[in-house]
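Consider the single chain below, provided in structure tokens and representing the form predicted on its own.
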Amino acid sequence: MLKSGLLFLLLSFSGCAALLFRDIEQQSTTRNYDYTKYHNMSEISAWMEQIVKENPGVVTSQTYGKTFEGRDITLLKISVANPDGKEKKAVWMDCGIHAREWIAPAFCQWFVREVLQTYRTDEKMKEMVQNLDFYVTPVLNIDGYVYTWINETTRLWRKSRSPPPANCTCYGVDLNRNFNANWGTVGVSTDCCSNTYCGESPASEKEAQAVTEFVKNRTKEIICFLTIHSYGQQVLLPYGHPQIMAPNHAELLEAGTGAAKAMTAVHKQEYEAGTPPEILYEFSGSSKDWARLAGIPFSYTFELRDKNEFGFLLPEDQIQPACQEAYAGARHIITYAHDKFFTDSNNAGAVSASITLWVTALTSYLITYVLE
């Protein structure tokens, strides 16, 4: 009997220890992942899988398209239930639409980590996560990104890896000129060997098709669209065409300028906000412009570090400060959009309730004392 009892205790302890060690191992995987290094696509995919495993009920993954070379285009969805059962809105973020801009995927990973680490203790982030779902695509142009990791000769590849059209030998399309937003009008090339080749038709590329299909089915849900690029230290708002202005240009500029100031404040690196024709150059067919035309009220492109010292070859020792700056800017815009839809609507509801109460009281008074 004593032996049986000891055996039971040993087995129970072994089981508990195994569970404990498993939990510690999962936690250490997240902690040991180096967010200050650039990671290849295999490492990023493994990280995505681990993030889902370590955050059950909060993070899920969803494949919403395939690249030309057959790779899955996958996003992470961060979502918790709203405690009051309110209808939620959403934020879209994609990184790595241009293959050589490695700091962009690094930031998407940083952003996911920051949200997951802070939403339980930071009251504002907790409120926003309860009201907003986050769709984050760490690498959109996966074929191009994989190609940049082959060797030094491919490191600065920008476009997708789709085959050339007839009578041309150059691969790929500039995905940020391929969206159906004043496509092919300004700031693009019809030469398939150009880095700004816009493709044969709007959304001809599988990656652009995937984003278009996913987002257009959620335009009533998504209130903020952020696409992350480098370099130039800018917050770009719609539109890239010089003769078109967004109907809510003033608030786009207000939120974008606030984001640029927040980014500048982190490490005293200067960021500016404006439309591309104002502070960069004119171009059409961008995902940012398409999202605004599709009805998403807050749509921006972030151009992260630097200002042409290292360009697309930003050293790894600048990943952390660049991501800290980008996070400050993203949080500012997300907070702005969130408060417009939730705080303002709550205030409007309170005002409406007050008016209803006042009208009811006045009507009662008139019936009782005036009309009798």
Partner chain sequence: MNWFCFVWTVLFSMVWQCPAAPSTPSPTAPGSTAQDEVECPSNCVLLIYSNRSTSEAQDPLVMTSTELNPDHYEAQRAAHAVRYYLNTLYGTPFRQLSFSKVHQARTEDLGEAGMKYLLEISVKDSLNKSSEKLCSAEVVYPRGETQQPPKVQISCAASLQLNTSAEEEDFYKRYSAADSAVSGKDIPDSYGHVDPEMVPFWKLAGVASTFIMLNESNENTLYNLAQVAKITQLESQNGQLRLEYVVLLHDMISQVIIIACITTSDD
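Numbering follows the first chain given and starts at 1. Just so we're clear, the structure is a prediction, and the values are computed from it rather than from any experiment.
Just so it is clear, the following notes concern the form predicted in complex with its partner chain, a form of the same protein that is not shown.
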The one residue among Lys77, Lys206, Arg158, Lys89 placing a heavy atom within 4.5 Å of its partner chain in the predicted bound form is Arg158
So which of Glu309, Glu69, Asp34, Glu49 reaches within 4.5 angstroms of its partner chain in the predicted bound form, heavy atom to heavy atom?
-> Glu309
Sort through 116-124, 220-228, 164-172, 291-299 and report the only stretch with a non-hydrogen atom within 4.5 Å of its partner chain in the predicted bound form.
-> 164-172
Can any non-hydrogen atom of Phe134 be found within 4.5 angstroms of its partner chain in the predicted bound form?
-> no
May I ask you to state whether Glu254 is within 4.5 Å of its partner chain in the predicted bound form, using heavy atom distances?
-> no
Please check if Leu314 has a heavy atom lying within 4.5 Å of any heavy atom of its partner chain in the predicted bound form.
-> yes
Report yes if any heavy atom of Ala262 sits within 4.5 Å of a heavy atom of its partner chain in the predicted bound form; otherwise report no.
-> no
Candidate site Trp149, Thr196 and Leu280: all three near its partner chain in the predicted bound form by heavy atom within 4.5 Å | yes
Taking its partner chain in the predicted bound form, which residues of 85-116 have any heavy atom within 4.5 Å of it?
-> Arg100, Trp102
